[in-house]
Ligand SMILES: Cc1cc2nc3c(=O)[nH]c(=O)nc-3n(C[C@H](O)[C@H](O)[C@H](O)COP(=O)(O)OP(=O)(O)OC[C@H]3O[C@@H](n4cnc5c(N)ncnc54)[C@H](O)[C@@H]3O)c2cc1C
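Next up is one chain by itself, shown in structure tokens, the form predicted alone.
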Amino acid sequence: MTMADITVRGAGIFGLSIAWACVQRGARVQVVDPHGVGAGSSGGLVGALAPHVPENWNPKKQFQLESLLMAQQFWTEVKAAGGHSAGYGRTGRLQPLQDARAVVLARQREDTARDLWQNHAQWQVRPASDFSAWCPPSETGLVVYDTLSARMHPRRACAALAAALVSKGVTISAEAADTGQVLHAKGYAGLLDLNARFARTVGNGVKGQAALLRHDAGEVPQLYADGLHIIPHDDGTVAIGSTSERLFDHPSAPDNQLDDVIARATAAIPVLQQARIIERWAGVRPRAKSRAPMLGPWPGRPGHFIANGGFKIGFGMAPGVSQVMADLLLDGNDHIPPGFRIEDNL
């Protein structure tokens, strides 16, 4: 049996994307997850690859910008290898502006976006009427339209990565012995394990609930309204979500809080009121104490590494995280951004 250079424990978005980056560089990789591909929060529905606002710039925002700009090539290569689409599309995002203060702030961000995003994307204040029926109500008649936001289907993205890995000879199994360097990318369960091992809280879980509706909106922007993401996927569905629950009893069970999410989304976009609900979903997203992805060597455990804490931005960060961790695992080169280190959470 061929021994792996890298054992990845966890088949969510961080584990699969890092495995893919390592395989692309010629490494022998095995992926191990007792629950299967995308079984945790990475198997969700929403898939809003949305940037932080272009102001108060910091290494986290810069890293996210670079990762979002890498996404098109990343997912194109994944599809070419495995034949499965992640449903990726850089379709932009609309956000209604509900008062004069919001308009002033949005126009300021138009200027900062020109400086920070340069010519890669735009943050525009536009009339809501430019977007016809697919636009949430705006008290000012204006919306923000940014051209950086993209969408993808999380569950399909994990399946696409798994297919790409298998096409390169990678085994994805429920259990296997560790060989080579070991990457721990086990999401919420992994954070609980780290809390116990470090005898302190390095992260926790935040439950989210979402729904999938049967509605073909076409190639239109995603929406962010009333605190909700409304994502038109390319398969004739629309995903809406999500809640952010720090206290919960049933991690994977949708409840009446999701009913409120659906009611608010359909009030904002009346065309969705007649859409059939085809799935209700709940899961717990891993959030590191620093609120940034937690990356790097496992302190005091040579040969072991951690990639966790993707929370709501894991899919958008994945292309960048995969390259940084492949640099570290394969070449020993540490390019982890400030604020992303394990030590930042201890």
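Note that this is a predicted model, so its numbers are computed, not measured. Throughout, we count residues from 1 along the sequence that is shown.
Only in words, not in the display: the form predicted in complex with this ligand, which the text now covers.
Student: Consider the chain as shown here, without its partner, and state which of A185, L165, I230, A86 has a heavy atom within 4.5 Å of this ligand in the predicted bound form.
Tutor: In short, A185.
Student: Within 4.5 Å, heavy atoms only, which of K61, R291, R28, K312 is in contact with this ligand in the predicted bound form?
Tutor: Checking each option against this ligand in the predicted bound form, the one that comes within 4.5 Å is K312.
Student: Can you pick the stretch from 263-271, 101-109, 75-83, 206-214 whose heavy atoms fall within 4.5 Å of this ligand in the predicted bound form?
Tutor: Single hit among the candidates: 206-214.
Student: Look up in the predicted bound form whether V32 has a non-hydrogen atom within 4.5 angstroms of this ligand, and give yes or no.
Tutor: Looking in the predicted bound form, residue contacts with this ligand include V32, since a heavy atom lies within 4.5 Å.
Student: Wondering, does F305 line up within 4.5 Å of this ligand in the predicted bound form on heavy atoms?
Tutor: F305 lies outside the contact set for this ligand.
Student: Answer yes if any heavy atom of A39 is within 4.5 Å of a heavy atom of this ligand in the predicted bound form; otherwise answer no.
Tutor: Answer yes; at least one heavy atom of A39 falls within 4.5 Å of this ligand in the predicted bound form.
Student: Tell me, yes or no, whether P51 is in contact with this ligand in the predicted bound form, where a contact means a heavy atom of each within 4.5 Å.
Tutor: Answer no; every heavy atom of P51 is more than 4.5 Å from this ligand in the predicted bound form.
Student: Even though the chain is shown alone, can you say which residues of 8-22 have a heavy atom within 4.5 Å of this ligand in the predicted bound form?
Tutor: Residues within 4.5 Å: R9, G10, A11, G12, I13, F14, G15.
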